[in-house]
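This document opens with one chain alone, in structure tokens, the form predicted on its own.
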């Protein structure tokens, strides 16, 4: 099984969309193995977005991600990274398809509700910033045979 890392951003928390966003991933058959609400520190945001250091939007991104509480989560499932990215939708809401989280709810590029790791390397980099291995649950879903075939 593959893991994907997701952050429900401050704008989604403020708009009361945590439950809706989690519901979509669960209903798709992804297994929630880590979940916590937290206030991202500048150090955490800096580590997470280190690949954008020096870009014009870096400071505003860090400021936004530290502006209010977020909900960090880890899900598991077959092809979880690509599946989550498809469900989240394009970064720019105007390019996000209806039915995706951003297509249905996002306002603009910065206030686009959700961060989702885009590769296994990104998960390996981002996940430990917010979760230790002890934070992640190990359990068998009663539905695993339905969602994990083929």
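These numbers come from a predicted model, not from an experiment. Positions refer to the first chain, counted from 1.
We do not show the form predicted together with a small molecule, though everything after this point is about it.
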{"item": "Exercise: residue 91 in contact with the small molecule in the model of the complex, heavy atom 4.5 Å", "value": "yes"}
{"item": "Proximity of residue 61 to the small molecule in the model of the complex, heavy atoms at 4.5 Å", "value": "yes"}
{"item": "Interface membership of residue 86, the small molecule in the model of the complex, 4.5 Å heavy atom rule", "value": "no"}
{"item": "Residue contact check: residue 109 to the small molecule in the model of the complex, 4.5 Å heavy atom", "value": "yes"}
{"item": "Interface segment, criterion being heavy atoms within 4.5 Å of the small molecule in the model of the complex, picked from 66 to 74, 35 to 43, 52 to 60, 22 to 30", "value": "52 to 60"}
